[in-house]
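Only one chain comes next, encoded as structure tokens, the form predicted alone.
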Amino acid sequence: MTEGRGKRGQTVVRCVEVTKRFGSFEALRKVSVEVRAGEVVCIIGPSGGGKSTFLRTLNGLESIEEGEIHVLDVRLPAGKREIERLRREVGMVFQSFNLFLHMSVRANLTLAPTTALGLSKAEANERAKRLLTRVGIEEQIDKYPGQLSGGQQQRVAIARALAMEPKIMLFDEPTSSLDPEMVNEVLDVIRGLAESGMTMLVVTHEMGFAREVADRVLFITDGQILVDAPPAEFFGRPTDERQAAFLSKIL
């Protein structure tokens, strides 16, 4: 757990027996979990086990067949208007950046705050500059994504999500598309968010990062959360055979 973060607040994410199916395939099976304000929860497990699907249900990118999800004051499943409101408060960063390639970095960061939040161009521009300074690439503001390295693009994606001033951040394997030398620059940004007290759920294969930054680690496989434990316990004292087998392959 990162030193210096304050006390945990009220529950901001609550999943109750959530089930998600793709046809006859059950991607999530009766998943129940809670996350409190200020927590950093790292989600690990084998590919295809349901990690990304779980994350995507939290802001309505994936619908659910059974159960219910409470995020802040929105209950899912919900209508379009409620989901749009939720997405203004829950930022998400994908492994593939998802930037608008035909728009400058400045335009990528100012589009949503002006259209969805009603900020003036001047206000949105000041916010963009402040956030790019925060992620360490303020000098790139007038470049286009194609002119940036993968690590820089991912930092732009993080800044773009932060431009909406979200209460929760979701990261779906944010370093998996990066060359090894670019991984740390993105992880450093996420570490800084953890230090600031941002509530985060992070799907990651970076075990050292999870051990260092997480308050809790969830092990998801076969559509279920098999283990939910603090990092020291999770990595030091495995309690599930599948968890132990997974860790033996990657540590």
Partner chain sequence: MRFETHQLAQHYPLLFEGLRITLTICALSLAFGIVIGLVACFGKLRERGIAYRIAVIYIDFFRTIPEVVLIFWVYSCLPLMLSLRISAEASGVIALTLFASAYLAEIFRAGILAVPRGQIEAALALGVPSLHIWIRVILQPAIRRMMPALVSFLTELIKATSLLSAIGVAEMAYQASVLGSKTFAYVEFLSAIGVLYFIIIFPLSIYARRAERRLVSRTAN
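Numbering follows the first chain given and starts at 1. Every value quoted in this text rests on a predicted model; they were computed, and no experiment measured them.
From this point on, the text means the form predicted in complex with its partner chain, which you will not see here.
For the options Asn98, Thr133, Ser177, Gln147, the one in contact with its partner chain in the model of the complex, meaning a heavy atom within 4.5 Å, is Asn98. Residue in contact with its partner chain in the model of the complex (any heavy atom within 4.5 Å), chosen from Val71, Ala124, Ala161, Ile137: Ala161.
Annotated contact segment (heavy atom within 4.5 Å of its partner chain in the model of the complex): 54-62, selected among 38-46, 221-229, 54-62, 196-204.
Looking at Arg75, you'd find every heavy atom of it more than 4.5 angstroms from its partner chain in the model of the complex. Under a 4.5 angstroms non-hydrogen atom cutoff, its partner chain in the model of the complex lacks Leu119 among its neighbouring residues. Heavy atoms of Val90 reach within 4.5 Å of its partner chain in the model of the complex, making it an interface residue.
Residues are counted as partner-facing when one of their heavy atoms sits within 4.5 Å of its partner chain in the model of the complex; in 95-127 these are Asn98, Leu99, Phe100, Leu101, His102, Met103, Ala107, Leu111, Ala112, Thr115, Ala116, in sequence order.
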